[in-house]
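As C-alpha cells, one chain now follows by itself in the form predicted on its own.
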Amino acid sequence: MLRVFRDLFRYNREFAAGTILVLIVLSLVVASFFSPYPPQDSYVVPPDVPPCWAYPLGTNSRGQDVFWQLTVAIRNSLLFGIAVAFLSRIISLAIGLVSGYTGGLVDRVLMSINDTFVVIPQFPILTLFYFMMHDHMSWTLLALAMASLGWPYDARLIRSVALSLRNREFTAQSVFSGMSTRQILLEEHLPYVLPIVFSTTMNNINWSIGLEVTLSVIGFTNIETPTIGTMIYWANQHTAMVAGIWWWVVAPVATVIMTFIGLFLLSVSMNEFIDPRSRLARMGV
C-alpha cells in the first residue's frame, strides 16, 4: 500500500497536489485540539479586529478568534462528510455487491429501489426533514438523513463491477470449493471494488460537505455547532461583508474550496490509477 502511494505521489501530479492540500486541511484539524478558547463561547477576544500578529485571521463580531474558530469548523465539517460517506459506502457496497452477484429477481428489486432513490430530489427532501425535525435537529440526524440519500449512484457503479466478477473463473472455483455467498463477496469480490470505493468516497465527502454548507448558510441545521456553513451563516447574520469584516467570510470560503479541490484531485487521480493503461502511460511504459 505504501508503495502504491509512493508511486502515485511520484508520477501523478494531481495526486501529489491533492495530498498536499488535504494535509494542509488536516493540519488545521489537528490544531483545533489545541484551541485556547471553547468553540461555542462568544466575546472571548475583542470583536472585529482585522488580521494581525495576535490574531492571524482576525476576530469576528461575536468576539471569536477566526483562526481557532476555523480549525474547529473544518474539523466538524470534515468529520460530518466522512461520517456520511462511511455510512453511504456501507449501503452502496451491500446493495451493489449483492445485486451484481445474485442477479435475477433480487437484482431487479434492488435496482428498482436504487433507481427510486436516484430520482428523489435531495435538497427538498432534506429541507422537509429539517422542518419536521426542527426541534430535534442534530448533527447525527442530518448525517443519517444524508447518508440514506447518498448511495444509489455508487451502488450502481459497484454493481457493474460485480456483474463482471460473477462470471470470472475464480468465482466459479470459490462456489465449487464450498464458500458461502458472504465469503465470496467479502473475500473475493470486495478487494476488486475497493479502489472504486476510495474514489467515490472522496466525491461523496465533497458532496456531503457542500450540502451541509448550503443547509447551514440558510439556517437549516443546528447553527450552534461550529462548521464551515455555520461560520458563513453567522457572518451573513452580522452583514460581515457590508461592515467590511471580509476576513470572517474569506477564511471559511477559502478553506472549504481548498478542501473541495484537494479531495477532487485525489478522486481524479485514483480514477486514473484504476485504469491500467493510464497508469502505465504516466510511468513512461
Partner chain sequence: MKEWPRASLLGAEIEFASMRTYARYFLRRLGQFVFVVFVGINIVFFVTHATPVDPVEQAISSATQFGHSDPRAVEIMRKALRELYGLDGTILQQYVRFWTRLATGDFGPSLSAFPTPVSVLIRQSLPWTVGLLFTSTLIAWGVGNSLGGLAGYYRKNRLLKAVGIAATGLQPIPSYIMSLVVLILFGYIWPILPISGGFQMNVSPDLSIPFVSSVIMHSILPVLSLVLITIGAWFVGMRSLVSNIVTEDYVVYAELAGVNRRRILTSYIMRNALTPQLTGLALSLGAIFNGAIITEFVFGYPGLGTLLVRGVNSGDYSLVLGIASISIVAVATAVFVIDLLYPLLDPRVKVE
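Computed from a predicted structure; not experimentally measured. Numbering follows the first chain given and starts at 1.
Keep in mind that the form predicted together with its partner chain is missing from the display, and what follows is about it.
By the criterion of a heavy atom within 4.5 Å, residue 265 is counted among the residues contacting its partner chain in the predicted bound form. Although the partner is absent from this view, residue 115 contacts its partner chain in the predicted bound form, with a non-hydrogen atom inside 4.5 angstroms. In the predicted bound form, at least one heavy atom of residue 210 sits within 4.5 Å of its partner chain. Interface membership of residue 236, defined by any non-hydrogen atom within 4.5 Å of its partner chain in the predicted bound form, is confirmed. Contact check at 4.5 Å (heavy atoms) against its partner chain in the predicted bound form: all three of 121, 128 and 249 pass. A single residue from the set 57, 45, 70, 232 has any heavy atom within 4.5 angstroms of its partner chain in the predicted bound form; that residue is 232. Interface residue among 91, 179, 133, 161 relative to its partner chain in the predicted bound form, by the heavy atom within 4.5 Å criterion: 133.
Exactly one of the stretches 59-67, 236-244, 45-53, 30-38 approaches its partner chain in the predicted bound form with heavy atoms within 4.5 Å, and it is 236-244. Interface residues of 212-234, taken as those with a heavy atom within 4.5 Å of its partner chain in the predicted bound form (partner not displayed): 213, 214, 217, 218, 220, 232, in sequence order.
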